[in-house]
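Next up: a single chain in structure tokens, the form predicted alone.
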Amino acid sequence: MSALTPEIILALDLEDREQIHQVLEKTGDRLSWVKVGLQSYLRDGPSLVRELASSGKKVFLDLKLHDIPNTMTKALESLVDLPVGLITLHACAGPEALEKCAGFANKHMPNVTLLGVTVLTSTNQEGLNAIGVNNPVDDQVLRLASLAVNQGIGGIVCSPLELPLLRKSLPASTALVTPGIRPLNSAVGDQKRIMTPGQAKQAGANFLVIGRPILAAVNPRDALDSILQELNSTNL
């Protein structure tokens, strides 16, 4: 388990670029990391990533790549010149794709950590069963996380509920990144496997991806400060 306080990554899942500028202005320099997901990247493109990096932010590019091995590697090749620190791909793409992507990133993107997505935090056991996966959620997460790490992927995206299992089972150097973070008394939304920021810290998370509890707050600065206070007051 990490003795460090996890870093917050603000998920910029907003309707337009102006809203992104507004929320970043309100949260100020309290945040080092931001997440650009599929919605924002498809709409605003690489220029948004470069703009965020130029403003001093570290960028988590959350594209969840999942395709045949050659296509996934070519997708990474198209991102080589972007100033990003984290990129996601689906661990269920399989060992060949994971190995090729890890090898490419090690050679051409030395400052980027690839993150394997296991089971989405919006998915529960019923959702897994519906697509023909009958393993318990924990077993499936561990299977995919171990596969990714064994092929050279540097980090894992998981539900906070799987943090204790993965922290115990994976190498200590593995970065654990978790969405599904909901402060006390906040709306759950479409997330099904969640924890509070303090609980996720105690479970060993390196990064907490947080969106709506900050973005939808009347005062995003106060919402962020409350989360930071919870993290800093939680003893391990």
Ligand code: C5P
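Residue numbers run from 1 along the displayed sequence. Keep in mind it's a predicted model, so treat the numbers as computed, not measured.
Quick note: we don't show the form predicted together with cytidine-5'-monophosphate, though the next part is all about it.
Each of A11, T121 and I210 comes within 4.5 Å of cytidine-5'-monophosphate in the predicted bound form, counting any heavy atom. This chain lacks the partner; the member of K168, R50, R43, K64 within 4.5 angstroms of cytidine-5'-monophosphate in the predicted bound form by a non-hydrogen atom is K64. When cytidine-5'-monophosphate is considered in the predicted bound form, R182 lines it closely, a heavy atom lying within 4.5 Å. Shown alone here, K201 lies farther than 4.5 Å from cytidine-5'-monophosphate in the predicted bound form, counting heavy atoms only. A residue is said to contact a partner when one of its heavy atoms sits within 4.5 Å of a partner heavy atom; K35 meets this definition for cytidine-5'-monophosphate in the predicted bound form. Residue contact check for V141: none of its heavy atoms lie within 4.5 Å of cytidine-5'-monophosphate in the predicted bound form. Stretch 111-119 is the contacting one of 70-78, 94-102, 111-119, 129-137, since its residues have non-hydrogen atoms within 4.5 Å of cytidine-5'-monophosphate in the predicted bound form. For the partner-free chain shown, just V157 of 149-171 comes within 4.5 angstroms of cytidine-5'-monophosphate in the predicted bound form, judged by any non-hydrogen atom.
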